[in-house]
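One chain follows as structure tokens, the form predicted alone.
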Amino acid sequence: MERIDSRLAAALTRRRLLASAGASSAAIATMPLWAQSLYDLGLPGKPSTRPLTTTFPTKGEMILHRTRPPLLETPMEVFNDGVFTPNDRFFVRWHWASVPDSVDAASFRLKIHGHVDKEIELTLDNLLNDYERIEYPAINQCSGNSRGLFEPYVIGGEWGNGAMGNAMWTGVRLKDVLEKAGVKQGAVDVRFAGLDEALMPDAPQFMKSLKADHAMDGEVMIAFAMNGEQLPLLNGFPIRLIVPGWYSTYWVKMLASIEVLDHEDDQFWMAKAYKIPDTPNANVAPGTKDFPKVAINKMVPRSFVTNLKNGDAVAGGKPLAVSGIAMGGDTGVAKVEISTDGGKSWAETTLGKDEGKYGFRRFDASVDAPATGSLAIMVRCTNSDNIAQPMDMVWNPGGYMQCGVETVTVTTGEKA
């Protein structure tokens, strides 16, 4: 059996590992916003600047949306540096404000219970040493990534495009852990809960479920490492669930409980929250209220230009380098195309190394920039199932699953 390297193993068994995130949040709340630089998310028709902060533990410079619970967005230029998002720049999203500011790794236990042959509790040492280790890259993307760009406006966290990240995750198969407990015949759902708690006693604990067959597919992971290092506290230390190809609402952080159910999970976060229109790309006409709904699930193809941003001034009359990242959703990237004539014609880009079907794929291209004027660059991904991004941005009242073709417009001429 392969064992995790000694450096990571030592880090994962150190007691009271990280500094207090709560203290940092309080510090941010009392800082004058004018003491921080601002980041423009380009949100349409509304104030779009947000403060940048370096105050959160284990995090570099991040876009601050909220302190309690922490909502931190990755600046888009970070994605231009490579297909793997650094841990210290990886976005953060919690549902409830009561997030532990430290975890005692030595006393931590993962409980597996419910419709099983025997209830078990696993230590971190068990997870590190008693199961086969697996590793793969996967994109963690908030269901509401890009919600701030929806037109017309929808209620919710107004993310730009940076509520996403790609990491190399290391851990063990959920399937192997469930088999240790023995899943009984008639299992329907598997429910996951973390250490975060609601502040109000009548608020529902954040829990998410997968169908039993999905939970046992051998790909869903209990991860203890991220890009070769221990999980940051804000990204779920000591362990979290990885559900490759699915939106991050299912990627439960600080995973502490796995319950096998003999019935469909009917608690709030499955029965009522994170519902999308049961339509292609979860798209309905703005203002639509009555439509069939399903629980959000698989991700869809997206692509982004990362070396340029709206309003950039570039040299005209010569080739312009364009590069970025793409995702296939729940499968790999087959091709990425670029258009400079409003989508009338498309040219394929050059794809970078395929690190794995669930991760980002880099693309590079060159376009002719006019001597003067403006240049609108559109980018479109088609995945391995031959599903392409829709030309138009989608809309639904939850602000979920944005996937329309992105356009970056630059000004050409004598570059200053």
Ligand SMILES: Nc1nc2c(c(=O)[nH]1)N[C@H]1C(S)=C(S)[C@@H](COP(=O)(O)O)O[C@H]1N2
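Sequential numbering from 1, following the sequence displayed. If you're wondering where the values come from, they're calculated on a predicted model, not measured in any experiment.
One more form of this protein exists, namely the form predicted together with the ligand; it is left out here, but the text below deals with it.
A.B. asks: Of W246, F224, F90, F150, which one comes within 4.5 Å of the ligand in the predicted bound form, counting heavy atoms only?
C.D. replies: Filtering the options by heavy-atom distance leaves F90.
A.B. asks: Which one of I139, V322, L234, V333 is close to the ligand in the predicted bound form, taking close to mean a heavy atom within 4.5 Å?
C.D. replies: Of I139, V322, L234, V333, the residue with a heavy atom within 4.5 Å of the ligand in the predicted bound form is L234.
A.B. asks: Check for me: heavy atom within 4.5 Å of the ligand in the predicted bound form, for each of L41, F79 and F304, yes or no.
C.D. replies: Heavy-atom distance to the ligand in the predicted bound form: none of the three under 4.5 Å.
A.B. asks: Answer yes if any heavy atom of F206 is within 4.5 Å of a heavy atom of the ligand in the predicted bound form; otherwise answer no.
C.D. replies: Heavy-atom contact with the ligand at 4.5 Å: present for F206.
A.B. asks: Using the partner position in the predicted bound form, report whether E259 sits within 4.5 Å of the ligand, counting heavy atoms only.
C.D. replies: Heavy-atom contact with the ligand at 4.5 Å: absent for E259.
A.B. asks: Is there a non-hydrogen atom of F84 within 4.5 angstroms of a non-hydrogen atom of the ligand in the predicted bound form?
C.D. replies: Output for F84 is no: heavy atoms all beyond 4.5 Å of the ligand.
A.B. asks: Quick one: does V252 come within 4.5 Å of the ligand in the predicted bound form, counting heavy atoms only?
C.D. replies: Looking in the predicted bound form, residue contacts with the ligand include V252, since a heavy atom lies within 4.5 Å.
A.B. asks: Where, among 282 to 290, 216 to 224, 174 to 182, 91 to 99, do residues come within 4.5 Å of the ligand in the predicted bound form by heavy atom distance?
C.D. replies: Within 4.5 Å of the partner lies stretch 91 to 99.
A.B. asks: Check each residue of 355 to 386 against the ligand in the predicted bound form and list those with a heavy atom within 4.5 Å, in sequence order.
C.D. replies: The stretch does not touch the partner at all.
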